[in-house]
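Shown next as structure tokens: one chain only, the form predicted alone.
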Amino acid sequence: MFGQGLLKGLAITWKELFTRKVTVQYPEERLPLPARFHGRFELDVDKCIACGLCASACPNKVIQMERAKVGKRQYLTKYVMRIEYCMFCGFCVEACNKDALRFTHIINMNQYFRDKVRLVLVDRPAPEVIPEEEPAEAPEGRAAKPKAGAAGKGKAPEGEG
């Protein structure tokens, strides 16, 4: 009875002695991360419409956002995530209908002090007036394209052949 257990244990030890090692020396070597890895958050401020869907989708109420109304648009002024309470479930990323919030492949989010753990993605004042987007001027030698819905839809502007 004792001899069989000892032989089985030694057989496992000898087998593992000659198998390939799987240890990764982390700072020098890194394992490839899967495409759906939940790392640090990234916010594309230009896409964000400050709707608040991400904040309401979060089960732990991690996201704190402030917005100001300028004209007819909502303008995001502050976006803070309390990462120490985040479960990285991804509900906030899925709830964003403009794909402004997403995960990155950054895995080093460690901090020494607790007050530095919060992730401030946006902190800016609201503008007085949002400048209207001016149409881009056509390069020299080319005529500007007609806007969709204009009269003569699908026709080339006069003067072009």
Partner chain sequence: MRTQTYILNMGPQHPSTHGVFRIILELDGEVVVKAKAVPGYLHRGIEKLAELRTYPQVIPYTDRMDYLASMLMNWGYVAAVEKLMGIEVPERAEYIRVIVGELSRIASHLVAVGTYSVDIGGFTGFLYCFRDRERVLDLLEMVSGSRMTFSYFRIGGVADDLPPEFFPTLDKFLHDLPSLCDEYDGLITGNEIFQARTKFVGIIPPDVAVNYGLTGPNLRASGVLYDLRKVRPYSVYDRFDFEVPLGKNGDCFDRFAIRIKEIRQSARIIRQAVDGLPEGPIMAKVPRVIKPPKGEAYAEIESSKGVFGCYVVSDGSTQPYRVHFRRPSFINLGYLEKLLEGWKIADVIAILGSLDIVLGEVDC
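It should be emphasised that the depicted structure is a prediction, and the values quoted were computed from it without experimental measurement. Residue numbers count along the first chain shown, from 1.
Below, we turn to the form predicted together with its partner chain, even though it does not appear here.
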*Heavy atom within 4.5 Å of its partner chain in the predicted bound form - the one residue of 68, 33, 51, 45 that qualifies*: 33
*Does at least one non-hydrogen atom of residue 89 fall within 4.5 angstroms of its partner chain in the predicted bound form?*
yes
*Quick one: is residue 63 in contact with its partner chain in the predicted bound form, heavy atoms, 4.5 Å cut-off?*
no
*Could you tell me if residue 100 has a non-hydrogen atom within 4.5 Å of its partner chain in the predicted bound form?*
no
*Is residue 117 close enough to touch its partner chain in the predicted bound form, meaning at least one heavy atom pair within 4.5 Å?*
no
_With its partner chain taken in the predicted bound form, which residues across 9-48 come within 4.5 angstroms through any non-hydrogen atom?_
9, 12, 13, 15, 16, 22, 33, 34, 36, 37, 38
